[in-house]
Ligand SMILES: C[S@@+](CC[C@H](N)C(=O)[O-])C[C@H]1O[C@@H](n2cnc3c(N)ncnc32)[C@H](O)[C@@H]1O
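Only one chain is included here, represented as structure tokens and corresponding to the form predicted alone.
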Amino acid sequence: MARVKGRRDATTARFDRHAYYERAVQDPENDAAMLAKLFRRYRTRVPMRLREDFCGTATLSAHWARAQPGRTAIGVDLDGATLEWGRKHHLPGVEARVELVQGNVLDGEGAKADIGCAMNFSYSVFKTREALRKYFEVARSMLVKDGVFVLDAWGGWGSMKPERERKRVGNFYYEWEQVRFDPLTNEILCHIHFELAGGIRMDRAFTYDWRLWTVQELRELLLEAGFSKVHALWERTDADGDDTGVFYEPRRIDNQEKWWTYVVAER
């Protein structure tokens, strides 16, 4: 449970964890554009319907719909309160084109989509091969015949050690804490904390009890779930080592302290 520390005043009462999370972590406009770009990389047509599993506040689904006339989206999440927050803050103007479903992603509710996604490592709640393969089977079944499924993945030796990263985002601080990693099971426990001016803190605003999956494990399980092809992408860097936003499909990669990338599966 999130804990707010500091002055108990109106500022504390307005400490909205979803709003701070979106500002610190998400970039839905660019994510929506990248999903469309990844789809077009492997298909000749334009994707119109998105399925966002573990959608949370559904800001990605809403941005997807707003980006182009005729686009639709379905967002699925277990947490009704979070979905309601998203309806209030993101759906005005696109209510007719974005459907939010409170349910289990394993139930496969809703219409089939051109492109499906599980972003921000949300699929990591599945800790066994059997459970994750089952989810991938359902995700595949919810795609049209030439559909594409997109995950993001992370790793590197820095992801496997206890640490706390702190960065300033506008008028507040965002903290990502890796509490522990178990090398026997690859289970990892992480928290997100926020701090406002004056030392007002929301500790454990979000907690993630996950398994850290490798790219090769994801590739194998996606193929076992029936996907025809799986592409593990990597981002090109410029001469200064900065990310370029251009992704390619390498055969080998040297490990890094921390890395993040896309895995794309063709139905």
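As the structure is a computational prediction, the values presented were derived from the model and not from experiment. In this text, residue numbers run from 1 along the sequence as written.
Beyond the structure shown, there is the form predicted in complex with this ligand, which is absent from this document and is the topic of what follows.
Colleague: Just one of F227, F54, W213, F39 has a heavy atom within 4.5 Å of this ligand in the predicted bound form. Which one?
Modeller: Selected option: F54.
Colleague: With this ligand left out of view, which of E109, D182, D79, D146 would have a heavy atom within 4.5 Å of it in the predicted bound form?
Modeller: So the residue touching this ligand in the predicted bound form, by this definition, is D79.
Colleague: Hey, in the predicted bound form, does M160 get a heavy atom within 4.5 angstroms of this ligand?
Modeller: It does not: once this ligand is placed as it appears in the predicted bound form, M160 has no heavy atom within 4.5 Å of it.
Colleague: Would you check, heavy atoms only and a 4.5 Å threshold, whether Y208 touches this ligand in the predicted bound form?
Modeller: Y208: yes, in contact with this ligand in the predicted bound form.
Colleague: Against this ligand in the predicted bound form, would Q68 count as a contact residue? Criterion: heavy atoms within 4.5 Å.
Modeller: Q68: no contact with this ligand in the predicted bound form.
Colleague: Quick one: is M142 in contact with this ligand in the predicted bound form, heavy atoms, 4.5 Å cut-off?
Modeller: It does not: once this ligand is placed as it appears in the predicted bound form, M142 has no heavy atom within 4.5 Å of it.
Colleague: N186, W234 and N255: each with a heavy atom within 4.5 Å of this ligand in the predicted bound form?
Modeller: No residue of the spot touches this ligand in the predicted bound form.
Colleague: Which of these stretches, 216-224, 195-203, 54-62, 41-49, has heavy atoms within 4.5 Å of this ligand in the predicted bound form?
Modeller: Single hit among the candidates: 54-62.
Colleague: In the predicted bound form, which residues of 120-140 put a heavy atom within 4.5 Å of this ligand?
Modeller: N120, S122, V125, F126, in sequence order.
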